[in-house]
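This document opens with one chain alone, in structure tokens, the form predicted on its own.
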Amino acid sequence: MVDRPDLQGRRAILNVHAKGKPLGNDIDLDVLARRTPGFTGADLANLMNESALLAARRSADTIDMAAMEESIDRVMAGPERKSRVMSEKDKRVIAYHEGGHALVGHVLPNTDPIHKVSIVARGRALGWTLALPSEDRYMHTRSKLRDELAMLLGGRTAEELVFGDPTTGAQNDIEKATQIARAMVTEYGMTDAIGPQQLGQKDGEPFLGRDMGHQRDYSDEVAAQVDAEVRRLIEHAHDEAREILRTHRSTLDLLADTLMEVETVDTSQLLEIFGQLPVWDGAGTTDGNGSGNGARPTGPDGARAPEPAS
């Protein structure tokens, strides 16, 4: 199995595919390599080709960074589908949904930075929130996975909070959250009730990175414990997302109104909207018995302040 390239590998691959292309003076391949964690060699080749096509369509002499940014979005989420006509009500639901993802992801301390939020349909998605890690990551902590659960459920929770009637738009978010929560219980040993043991055997083709099924090798009693732990993790994430959105409802409304007006909000606009929102401190809430709401202030530019030394 060939793993995805790391930062240096992506830089080298981009350099190969950049040869013969008229790159603008603002293009920095090191920045692009950092902006594309998880990209395969084929993804990076598509990125360079898409940027060249975009520049040609715009009758530009060179490929600039704006074309590169648009190409990254196209490779990750598909081309824009501005021809899809939606009612104002549906657009507002999507704006609050994506705003919920972005707001919860921004204030939680262990999620990846939010780079862009859009209600322009791409591929099969009606809207999307782009969160990218600042560096390559090869393992995840329990606290990060719990924050990821809350961010995934932030969209549906925003729909419940604002409209009182959730939609089917959260289907993929719920699927991902359930997969993460079940893996935390049965594979990663991240719950006290089950402990550090692996439950179940996978049937698949591990050399191709595909898991075709899950064979249960534990009792019905343990299966009930697994279901209870998965439910507890998801309910806690849902409660945390709801508390965050209620606390910062005015910011959620502002972000949704901005999305309704301009459709896509990038990093600089997000920092203006989020301002000096405190970073949510989830310590003490992971046992499902409480909902802590301590906060750690952000830095002067809106970025998260470093964790205090323990």
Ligand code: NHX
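Numbers for residues come from their place in the sequence shown, where the first is 1. These numbers come from a predicted model, not from an experiment.
Below, we turn to the form predicted in complex with the ligand, even though it does not appear here.
With respect to the ligand in the predicted complex, the three residues Arg84, Trp128 and Ala170 uniformly fall within 4.5 angstroms at the level of their nearest heavy atom.
Taking the partner from elsewhere, Arg137 is found to have every heavy atom lying beyond 4.5 Å of the ligand in the predicted complex. Residue contact check for Lys89: none of its heavy atoms lie within 4.5 Å of the ligand in the predicted complex. Among heavy atoms of His97, some come within 4.5 Å of the ligand in the predicted complex. Among residues of the shown chain, His106 is not one whose heavy atoms approach the ligand to within 4.5 Å in the predicted complex. Scanning Glu159, Glu229, Asp73, Glu148 against the ligand in the predicted complex with a 4.5 Å heavy atom cut-off leaves one residue, Glu159.
Of the candidate stretches 231 to 239, 117 to 125, 192 to 200, 139 to 147, only 117 to 125 has residues with heavy atoms within 4.5 Å of the ligand in the predicted complex.
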